[in-house]
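Take a look at this single chain in structure tokens; it is the form predicted on its own.
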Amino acid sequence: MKKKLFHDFKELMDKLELKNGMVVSFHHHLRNGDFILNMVMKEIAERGYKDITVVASSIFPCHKELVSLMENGVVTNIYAGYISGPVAQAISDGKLKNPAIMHTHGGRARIMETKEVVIDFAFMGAPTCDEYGNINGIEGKSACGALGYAHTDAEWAKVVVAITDNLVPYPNKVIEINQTHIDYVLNIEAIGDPNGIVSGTTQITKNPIGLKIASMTSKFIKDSGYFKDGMSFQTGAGGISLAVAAEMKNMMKRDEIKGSFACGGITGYIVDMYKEGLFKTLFDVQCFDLEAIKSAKENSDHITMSASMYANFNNKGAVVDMLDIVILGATEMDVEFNVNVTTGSDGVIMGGSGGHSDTAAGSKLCIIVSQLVNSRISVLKDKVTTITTPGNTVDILVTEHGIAINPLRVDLIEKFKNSKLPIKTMEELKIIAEKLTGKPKNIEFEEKIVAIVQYRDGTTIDNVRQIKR
């Protein structure tokens, strides 16, 4: 039997045929508590390797060690669906040699399956693992729940290393990713900080403006024609989005509506709806809080799925294509309904699509919820700084000052023409915002492209340019 199990990190790294220009991948289920990316990249740097491509499903503030590696040429390329913190700032300042590629969550699976990107070494956080590489994410001190973004790495990388801090006897009794994909298992003291992996609970907004937006959104959904038995639903973990989920919960109970499934990154609020019989099934690509992790462990109808199954444009059946309603946020929007969740009001990278454009395209009703004005900044622009999600896939914007329906949705405009809800055009909302904030100043950029925003099918939807200082 091939020896898979190692207890010494340096011994394992000696075993790997590392090289200049290699491509290494990491998944982000350990989120802002991840230890693995920094540990591996530090060792690669100390061994003198250069020109490394990092393919990380998401990058968080805890990964700030990448900045110095970008500056000294160890890391020259980055692929990610979401980038925040010091690494995002450094990319915006032009410190990465080549433009970062910012894809969608489904797009990450696509680039590996089509071999647009070939992974040499995948280093996978494995909260619980046996000596032969059977992994789950629902047990152990670093439990993170579903491992949706790790599946593609396991299936397509040339060499796969599972790194665990909870080695259990063979066979591991619960398996999400199995031994046939794993070349090596490394047992170390800690793969992450549980306090950074998940929050104890995600919070519904208490802001009266946010609650007003949530109430208007739920009323719109109820009258939209999509609020019915068998509906499917996804919402994010933001405060307003969770408030919409709370409103939906009350409406579903009151009207005795039973949904088919809820999907995406699962929160405790969605778990509560499942437990109360409001949804038959949960499809989970990542867990956002402790209740979601507990549910993934205990409930057979809480189904973990790969990112490819969730949202890959290229496969034979993505879950997002079965979605009825999705609730999403926005940093900026324009009158064409284009959405930016990639760059902030200062033009600096602060996020990325993740599943935003995947779910917008797949769902029958895509609703953006946002304050029209927040901290003297309007969400509406003449033109968004960066297009993350194209306007032709977005149906509704709900703000505290009114609801705008995309002119492409003639059916919804007709349905709501006599509604008591404050239906307005985007142009009307933009005028209201500008009266409150004035015209925003244009952000100044250098010519250098620092990031390329890929749409879910792999086409370039926009470029991010270096901030002018």
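In this text the structure is predicted, and so the values were computed from the model without any measurement. The first residue of the shown sequence is 1; numbering continues from there.
Not on display, but discussed next: the form predicted in complex with another copy of the chain.
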Any non-hydrogen atom of Leu372 within 4.5 angstroms of another copy of the chain in the predicted complex: no
According to a 4.5 angstroms non-hydrogen atom cut-off, is Thr114 in contact with another copy of the chain in the predicted complex? no
Considering only heavy atoms, tell me if Lys249 and another copy of the chain come within 4.5 Å of each other in the predicted complex. no
So, in the predicted complex, is Thr386 in contact with another copy of the chain at a 4.5 angstroms heavy atom limit? no
Please state whether all three residues Lys4, Gln179 and Val319 have a non-hydrogen atom within 4.5 angstroms of another copy of the chain in the predicted complex. yes
Considering non-hydrogen atoms and a 4.5 Å limit, which listed residue (Phe337, Phe283, Tyr79, Tyr269) is close to another copy of the chain in the predicted complex? Phe283
Could you work out which of Asp165, Asp93, Glu139, Asp183 is the residue within 4.5 angstroms of another copy of the chain in the predicted complex, going by heavy atoms? Asp183
Just one of 189 to 197, 303 to 311, 219 to 227, 236 to 244 has heavy atoms within 4.5 Å of another copy of the chain in the predicted complex; which? 303 to 311
Pull the contact list for 243 to 273: residues with a heavy atom within 4.5 Å of another copy of the chain in the predicted complex, in sequence order. Ser260, Phe261
